[in-house]
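Just one chain follows, in the form predicted alone, and it is written as structure tokens.
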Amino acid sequence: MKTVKVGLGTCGISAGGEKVYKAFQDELKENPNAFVLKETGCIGMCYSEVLIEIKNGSDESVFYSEVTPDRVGEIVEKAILSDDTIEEWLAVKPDNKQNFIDNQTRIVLRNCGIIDPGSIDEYIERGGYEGAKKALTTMTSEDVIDDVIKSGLKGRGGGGFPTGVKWNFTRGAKGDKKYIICNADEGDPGAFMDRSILEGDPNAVLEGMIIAGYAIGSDAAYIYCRAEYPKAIARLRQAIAQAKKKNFLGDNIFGTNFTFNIKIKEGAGALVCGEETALIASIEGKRGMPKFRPPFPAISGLWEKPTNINNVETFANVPWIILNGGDAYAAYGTEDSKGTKVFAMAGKV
């Protein structure tokens, strides 16, 4: 049976994706067994939304762009029921596919636009939480940090500080309580890398945070996400709830003595709260104002406890690194900047 996936990231919704999804639901009432309908995140071609993917039983897919509700009936009739192709509506022409999809190496975006972000089971089917399981059950915290250092991963939030080194600072800091914070504020105009990840693959971020918590000795974390990202927040809440049911969050994760919990803190949209000390102040209920450093958050951060802060994209890299090894990640990129990078392009490009 064929599967129809409708892109319902913010870009897809803004272009009318929810109406298109409803139109497909109406078609299913007329043809109950014609196809399986799913939602997915943004695949990256925001300029072509609403995007839908029609996938047959094998790995073959056809993408249609700028889909409107009045086109859905014809798509179902021709592309699904009759196995025809509507050439003029194709998002990716057969001779042009290499230009966008096949030429990309996707690590952070490995699941975005592919899985249903509301289904933890689909994430698990693609190797999700295997990195966390490997770290917690077969590696010491030192092993995890060493692998992240070996990968060459640097903070993707703009600072570019080596991630594993940062973790090591927090791990070595003295304190009876330590915190992990995921910076999902993303206030820069035209930037929507973190939004796409959170909306398309929230579990990858949660898994990265779990691994980081294990590495530094933290049992508590916050995701600081701007309230202007309602879809991202909704999918995070859903992912956290599902992860708790699977015992990927909470007490004795994977049968170990490791406990880890994640809370969401919604930001009010102040650009300055993207700066880590202002972000910490906001979580504490204070006005978001940067502080002089030192001390750095790794020594005295949230409620004056050792705190590690990374952004969304940084955490989303971590499960892949632990599962595949630091050397595999370091094989990508340049001498000074290892791995891959997500870019958001807006305007006349």
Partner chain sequence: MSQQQSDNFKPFNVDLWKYDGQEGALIPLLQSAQDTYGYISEKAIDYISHITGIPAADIYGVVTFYAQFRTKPLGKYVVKVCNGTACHVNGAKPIGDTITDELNIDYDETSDDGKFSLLSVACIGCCSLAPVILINDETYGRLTSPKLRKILRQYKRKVKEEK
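Numbering follows the first chain given and starts at 1. No experiment lies behind these values; they were computed from the predicted model shown.
Below, we refer to the form predicted together with the partner chain, which is not included among the displayed structures.
Proximity to the partner chain in the model of the complex, taken as heavy atoms within 4.5 Å, picks out 225-233 from the listed stretches 108-116, 166-174, 225-233, 252-260.
At a distance threshold of 4.5 angstroms between non-hydrogen atoms, G158 is out of contact with the partner chain in the model of the complex.
For the chain shown alone, I283 is a contact residue for the partner chain in the model of the complex, at least one non-hydrogen atom being within 4.5 angstroms.
With a 4.5 Å cutoff on heavy atoms, G269 counts as touching the partner chain in the model of the complex.
Contact check for K19: a heavy atom falls within 4.5 Å of the partner chain in the model of the complex.
The candidate site formed by G131, A220 and P295 is entirely out of contact with the partner chain in the model of the complex, as no residue has a non-hydrogen atom within 4.5 angstroms of it.
Only one of F192, Y214, F248, Y123 comes within 4.5 Å of the partner chain in the model of the complex through a heavy atom, and that residue is F192.
Interface residue among V92, L136, C273, I145, judged by heavy atoms within 4.5 Å of the partner chain in the model of the complex: C273.
In the model of the complex, T10, C11, S14, A15, K19 are the residues of 1-23 with at least one heavy atom within 4.5 Å of the partner chain, listed from first to last.
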